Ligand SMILES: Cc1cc2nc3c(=O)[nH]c(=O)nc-3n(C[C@H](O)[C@H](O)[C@H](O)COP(=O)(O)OP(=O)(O)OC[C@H]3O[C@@H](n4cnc5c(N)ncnc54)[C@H](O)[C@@H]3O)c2cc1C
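First, one chain by itself in structure tokens, the form predicted on its own.
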């Protein structure tokens, strides 16, 4: 019997493997990763600087320990070049492996900013532990960091860097941060909270070039202004990794398309985590990932199980302005009702009948998160 093979060693892959081993201790399991295979918590990457944590301090378990914990073969630093779905085989650099079932836990790539300039290749992104280690090395003697993007990740890194003593400037094309997730009042509270840490905002601006100027990196903006920095961090979004699947004839949209049992259109091939599109939903957060892992583990162990998504509020890691939000999965004719108090904002997204469809909370209002979440409809119901 050929093994179950998981491609990837991020949170989705390892969470699935742990859940599967709770149900099945014996079936052969192989994990293939382009990284070294150490286990770490990706959400920690945007909070580690202020805690003065070195990259190796973020590792929860070394790859040797993961092999033992999971009773699994883990092939580290290995690229999967192609999937032969008909033969149920994977082509690696130096070997071909057969699988009984295949799980794609490929993650997502940072969206690359389209920049001119002789320092465009010096712009960094942080998407994994290797990226974080490279960034930490680059800012050892730095004082100023420019961040491209004022979305969730950009704001979290801005808070972390500013709290660690760096001068931070954010370039963001919209009028306020997190504009897709927050009503204006809550977004302004976030903007002002980060400004209180010293963060400088360049809103309704876009970076067009990054150039070397002596020891500085100079970011040129589309209004003719510039930002001088020692390091430039791009945080303008993530794009699910779909190329490997596409080349194997697996259907993709925004992500790798799967049904409620996380199965692709190709028999015995599944997808999970940031790369998976479940009935139109691509949710790059921890709680959806865990729900997927539990359901798929049951399916792989012989009990076909649909994934269900209850309401899953997101806590934004910006202590300068604590935020909890539940964005409506399909915005419709509902509207925001915003209550602004000195100690926080409570914004409710409700339809004409008063049904709560989403919320955005700041400051002390975040204490209402769990109570409000109980009033929200599920994102994907049990079927």
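Residue numbers count along the first chain shown, from 1. These numbers come from a predicted model, not from an experiment.
What follows is about the form predicted in complex with the ligand, which we do not show.
Among residues of the shown chain, residue 43 is one whose heavy atoms approach the ligand to within 4.5 Å in the predicted bound form. When the ligand is considered in the predicted bound form, residue 153 lines it closely, a heavy atom lying within 4.5 Å.
Contact between residue 11 and the ligand in the predicted bound form is found at the 4.5 Å heavy atom cutoff. The shortest heavy atom separation between residue 127 and the ligand in the predicted bound form is within 4.5 Å. Checked against the ligand in the predicted bound form, the candidates 74, 113, 231, 244 yield a single residue with a heavy atom inside 4.5 Å, and that residue is 244. The contact with the ligand in the predicted bound form, taken as any heavy atom within 4.5 Å, belongs to 80 out of 123, 250, 80, 297. Residues with any non-hydrogen atom within 4.5 angstroms of the ligand in the predicted bound form fall in just one of 299-307, 137-145, 100-108, 165-173: 100-108. Using a 4.5 angstroms heavy atom cutoff to the ligand in the predicted bound form, none of 25, 64 and 291 count as contacting.
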